[in-house]
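One chain comes next, on its own, written as structure tokens: the form predicted on its own.
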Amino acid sequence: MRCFCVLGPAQAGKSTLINRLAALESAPERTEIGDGLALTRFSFFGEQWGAIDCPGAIESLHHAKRALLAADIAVICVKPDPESAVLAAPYLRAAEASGTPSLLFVNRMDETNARLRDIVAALQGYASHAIALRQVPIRTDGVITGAIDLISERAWKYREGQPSTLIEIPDSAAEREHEARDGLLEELSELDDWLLEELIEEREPAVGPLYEICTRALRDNIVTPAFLGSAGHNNGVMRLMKALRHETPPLSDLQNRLAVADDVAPEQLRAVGFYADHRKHLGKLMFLRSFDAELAPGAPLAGGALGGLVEHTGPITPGEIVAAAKSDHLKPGHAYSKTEALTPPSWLAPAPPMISRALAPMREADEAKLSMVLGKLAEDEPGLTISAEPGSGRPVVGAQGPGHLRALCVKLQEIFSVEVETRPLRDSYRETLTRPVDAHYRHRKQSGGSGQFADVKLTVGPLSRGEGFQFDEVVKGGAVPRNYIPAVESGARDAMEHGPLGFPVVDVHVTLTDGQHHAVDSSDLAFRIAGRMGVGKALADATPVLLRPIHRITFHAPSDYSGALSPMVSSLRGQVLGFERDPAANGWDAFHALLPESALEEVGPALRSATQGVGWFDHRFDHYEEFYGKEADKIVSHRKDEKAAASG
């Protein structure tokens, strides 16, 4: 079976295009895979085909990337509007990064007055490979009524509900056709010496060799050919399918691409796993594309045995896509030999999470189950991260956006019967002191028998930002025996956990200067208590100040939107650091800024709005800065109220 995937933004008409392609000669068979992915099987000219329909939501781009693992070729379906080219930018970037040969289909051309050359020029701004027009439209009174193939120079007139009919090239389109064809031949001549010589000698190149050059350029992933049509009216669909039939690379090319990461022989690969779905009563289903004619249930695969197949009978043919149950040792995103799973290619890595939430089960009895289920899903779900919230220990889920998070919650409830509630994460505020102070604390307790006694004198002062906690001692004469000094340090560290403002304390230097001990009543516990209480007293007297966390954030967005990011950062109380061209993709910028952690909750929606949904960001903690004013006072007051409520 030969296989292609269809990528593109929402509302580009991807599903309609697949339905039309699949219905050209046969009755298609559609299988819902999950998370917006679907597989349509059909036949064309006696060959078996599979088309993977990819979701158009940008939050599901990680699933579209997984589909590229199993595809011989990608069809990037786009809207017929130069202004909408940016919406296709993430899909062009993903296809190029994967090394998957791609065709471009400008859909719904009947709905626009835009010139095709302008649409392609706008798309070229986001593509590293040359986009070469293979057709130009025929317009009658401003309406597209057909198309001209630039290789064969044959014109076709669209007929509603019927196959297109062959016509002479209209005089009104002849000049544009010659201009576009010259541009295409010039582009192709850079790839072939024979064609270059033909053009230099002003000879008309033969059509057959031209198609061969186009096929080779596509297979070598040098050129992205562009076609046009309207899937809703079945216009241009047959031409696209014929291009797929003649120019789609063989299955061995996919094996070669996948084998590069681990430098293994391509023929050793038996299958690639591109998606895992968890279903109630069935468990985990692993969706695979086979490379091996001997692959069958029970066959060795990645060090285990392939489980039984769902809704499949007969042998597995090379190139076929199947769903295997009871194959939990298989993880999506990997190609497999008999004995191992290859390293996932680097281009498969999803964007960092755009939203993070702490999860809590609605029923306490589901605490352990929730952690177990999230661990399973994180192994198979690209774009999903699982961590623990400091303090509460609650699981924290990082998702690609609100839609991705909602889908996860639905999956937890409907498949695993775990209902959860979500809440934003607490900001990791800290506090520190602003001046050095001396403190003296004596711990004495007598309750019958051995008592407790420890006396410490301390100097507590601030450190430079980011230096953490330091402890020294300058005790002389054994006033505090050396074996008790580590206990004093432990007590001082205990005091750092909750400062006078209610937050962990950082950037503090504690020096033990003197003290007293008792030969009978002193102990490690007594000196630890004395250290904690003494430092606590000093912190309260040292004019504590609130610190807010600042993150360094990098926005990845099309260059056209870089100008909109500066005011966005300012509105989020951030600082712009600058931007640069993104070396990983044409037409993209990497925009750097500093933002308070409290603004991260707003970044995702603001960035989506500023970039029509296609931008994404990553961030990391950078430093703490002192925080004053009414907002700081409000945060401290809220923390005190929380503690009072917890203790009450």
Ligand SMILES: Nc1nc2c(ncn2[C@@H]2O[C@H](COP(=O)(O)OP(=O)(O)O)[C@@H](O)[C@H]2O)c(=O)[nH]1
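Just count from 1 along the sequence shown to find any residue number. If you're wondering where the values come from, they're calculated on a predicted model, not measured in any experiment.
Only in words, not in the display: the form predicted together with the ligand, which the text now covers.
Judged by heavy atoms within 4.5 Å of the ligand in the predicted bound form, the contact stretch among the candidates 320 to 328, 288 to 296, 258 to 266, 100 to 108 is 100 to 108.
Under a 4.5 angstroms non-hydrogen atom cutoff, the ligand in the predicted bound form lacks Ala23 among its neighbouring residues.
For the chain shown alone, Arg139 is not a contact residue for the ligand in the predicted bound form, no non-hydrogen atom being within 4.5 angstroms. Contact check for Gly232: a non-hydrogen atom falls within 4.5 Å of the ligand in the predicted bound form.
The shortest heavy atom separation between Ser637 and the ligand in the predicted bound form exceeds 4.5 Å. Along 9 to 27, a non-hydrogen atom within 4.5 Å of the ligand in the predicted bound form is carried by Pro9, Ala10, Gln11, Ala12, Gly13, Lys14, Ser15, Thr16, in order along the sequence.
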